[in-house]
Every structure is written in structure tokens, then in C-alpha cells.
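Heads up, the chain below is alone and in the form predicted on its own; it's given as C-alpha cells.
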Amino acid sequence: MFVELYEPVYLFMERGGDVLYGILGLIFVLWLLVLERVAYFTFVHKRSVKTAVQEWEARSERRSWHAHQVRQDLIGKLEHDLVANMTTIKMVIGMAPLFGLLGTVTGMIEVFDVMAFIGNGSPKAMASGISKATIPTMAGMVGALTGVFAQSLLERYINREKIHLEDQLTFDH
């Protein structure tokens, strides 16, 4: 089964050129960061919220200016932890199409080298360069699109959690 999957992937990577390995690494880093956020939301964030609510509920006085500052500090720390790595995720998403563009440029340089050496009468000779120009562009765009989808889901969850944080740390009981 793995042999059947390996050959098409190998051919795709070979036709895409060396830039495709860079895009593959970039997409791997992107999804590693996305999975880190999902693991944080699933395992760590809920415990942090529970600890913050317990700390807030343990206060005997919750209406003074000082109590409001403590509440804002608790919410601020939790919100800061929620958005960690989101800037890096956005940056990696933005880099994926740029890596694809780099593949386009290097592939077109290869096409022009072939045209200069053989002439433009041999489309077969130029096919390798054209593949190296188009496949990385497609891979970069697909990687960026999947990353934008994941980023959108993460941001929706973060915004919802921010609203819940303020609701859980109430002033009166």
C-alpha cells in the first residue's frame, strides 16, 4: 500500500522541484502550530480558566476598583495565552504563496535556459521547467488555503472564549 502511495508523491515532488520541499516544510510547520493551538485549547486552557474562576471566586470582595483590576489581569493573562502563536500562524500562511511564487520564478528561469540553449521549438525540453513553475504555485496556494481555513476556525474559537471568560468572572452572587 505504501509503495502505491509513494510513487505518485515522489513523481509530484520531482516534477515540482526543490522549492516544493520548502513548501512541504512550511505546511508541516503550519499544521504543527495549528495542532499546538488545538491541544492548548483542549488540555491547558480549560484548566487555566478553572483556576482563574476559583481565584476570582475565592475573593471576598469583588466590587472595588482593586477587584476590577484583578479581574482584568486574570482575563488579560488568559486572553494572551489564547492568542499565542496566532501571529506566527498568519505569517506562515502568508509565506506559503510566496514560496510558490519562488518556484514559479525558478521554473521560468529553467524554461528560459532551455529556450536559450535549444530554442523554443522543443516543448518537451521546456516541460520540466514549466512543471517546476506551476506545481509549486499550486502547492503554495493549496497550503495557504488550508491554513486560512484553520486560522478562521481558531480565531472563531478564541473570540467565543474571550466572551465566555468575561461571563465566568462575575461581580455579584
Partner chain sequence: MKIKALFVAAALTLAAPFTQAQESLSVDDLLKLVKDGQVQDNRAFQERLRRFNSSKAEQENLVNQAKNDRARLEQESSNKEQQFQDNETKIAEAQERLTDRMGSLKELFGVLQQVAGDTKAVFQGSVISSQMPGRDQFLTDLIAVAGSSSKLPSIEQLERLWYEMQAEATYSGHIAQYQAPVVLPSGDTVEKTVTRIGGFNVVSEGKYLDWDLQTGRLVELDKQPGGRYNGPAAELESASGVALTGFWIDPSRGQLLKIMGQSPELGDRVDQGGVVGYIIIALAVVGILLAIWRMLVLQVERAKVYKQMKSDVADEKNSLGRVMAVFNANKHADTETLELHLGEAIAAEIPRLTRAIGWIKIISVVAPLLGLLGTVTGMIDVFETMSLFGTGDPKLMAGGISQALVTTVLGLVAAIPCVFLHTLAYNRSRELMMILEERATGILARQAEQQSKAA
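Positions refer to the first chain, counted from 1. All values reported here derive from a predicted model rather than from experimental measurement.
Not on display, but discussed next: the form predicted together with its partner chain.
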Even though the partner isn't displayed, in the predicted complex is Ser128 close enough to its partner chain, meaning a heavy atom within 4.5 Å? no
Any chance Glu155 has a heavy atom within 4.5 Å of its partner chain in the predicted complex? no
Taking heavy atoms and a 4.5 Å cut-off, does Ser122 contact its partner chain in the predicted complex? no
Closest heavy atom of Glu57 to its partner chain in the predicted complex, within 4.5 Å or not? no
Checking a candidate spot here: are Val148, Arg160 and Gln168 all in contact with its partner chain in the predicted complex (at least one heavy atom each within 4.5 Å)? no
For the stretch 99-115, return the residues whose heavy atoms include at least one within 4.5 Å of its partner chain in the predicted complex, in the order they occur. Phe99, Leu101, Leu102, Val105, Thr106, Met108, Ile109, Phe112, Asp113, Met115
